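One chain comes next, on its own, written out as structure tokens in the form predicted on its own.
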């Protein structure tokens, strides 16, 4: 049963992260998830200092606040300072991450935080933290309910805002000419990425969140030139990555997060070699 919960958790994170990652990839901002996973550290420390405890809600609010702040700073550096998007991401996440380290160093006697837990959560621990009702009913891992609720909200967001996200992703200038608020859709997407990253990385770890947000969408991008097909392939690849990664980890007795990341990379390599339009095999055949 533990295997089922771990695979289900991986699939939920892969689906949420992958769907948003597809839009980030098309906007050339794929590494935003990695930036947010590091930039939230000062928010976690400040939330602890204010609340005086390690309760999940204050830390989640602090982390989410700094996640949104990171996206705003990145956009300001990109739009106002005219930096390239990758440079804006690098400057923002290194600066905020360094601020978090300084806060921990300055308040080392007061802050009791396990950075390995905060930044590099372990998906194998998901079955341990279960949700038990006052009547004693075991509803399963708490993380599954949280991530499931997050996925439902994201699906509602993508369903209701699909046209707005699509037109501002592919034709931002045309959308602005039609009176569509490009900034609104941009910050809505960035906020969704921030909340998804913050909710997910404490459960499965920063490495796995970034892997799910970048690699399955990039693999799907090689296999199709239609957005709807790309989103569907991203979800299927996420499911295959979660299942295959767990099986690989069980076989090698290795890190589950690491194994899932390796399987995601293997899928990408296969697509790179065998994709019908862009794969190396097709290009060699054309020659």
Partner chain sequence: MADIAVEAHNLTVSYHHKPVLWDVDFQLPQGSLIGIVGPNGSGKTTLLKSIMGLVQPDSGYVEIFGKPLEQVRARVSYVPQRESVDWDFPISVREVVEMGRYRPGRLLRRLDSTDKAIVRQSIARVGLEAFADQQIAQLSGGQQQRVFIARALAQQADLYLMDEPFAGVDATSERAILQLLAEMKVAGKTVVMVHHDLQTVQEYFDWVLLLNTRLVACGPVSSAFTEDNLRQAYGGQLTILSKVAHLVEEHDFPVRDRSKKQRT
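Numbering follows the first chain given and starts at 1. Treat the numbers as computed from the prediction; the structure is a model and nothing was measured.
The form predicted in complex with its partner chain is left out here; the points below concern that form.
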**Close approach of residue 95 to its partner chain in the predicted bound form, 4.5 Å, heavy atom** = no
**Prompt:** So in the predicted bound form, does residue 48 come within 4.5 Å of its partner chain, heavy atom to heavy atom?
**Reply:** no
**Message:** Can you work out whether residue 178 and its partner chain are in contact in the predicted bound form, taking contact to mean some heavy atom pair no more than 4.5 Å apart?
**Reply:** yes
**Item:** residue 160, heavy atom within 4.5 angstroms of its partner chain in the predicted bound form
**Value:** yes
**Request:** Look at the stretches 180-188, 195-203, 137-145, 99-107 and give the one with heavy atoms within 4.5 Å of its partner chain in the predicted bound form.
**Result:** 180-188
**Request:** Name the residue from 72, 166, 128, 83 that puts a heavy atom within 4.5 Å of its partner chain in the predicted bound form.
**Result:** 166
**Prompt:** Which one of 230, 249, 60, 262 is close to its partner chain in the predicted bound form, taking close to mean a heavy atom within 4.5 Å?
**Reply:** 230
**Request:** Sequence order please: the residues of 7-37 with a heavy atom within 4.5 Å of its partner chain in the predicted bound form.
**Result:** 26, 28
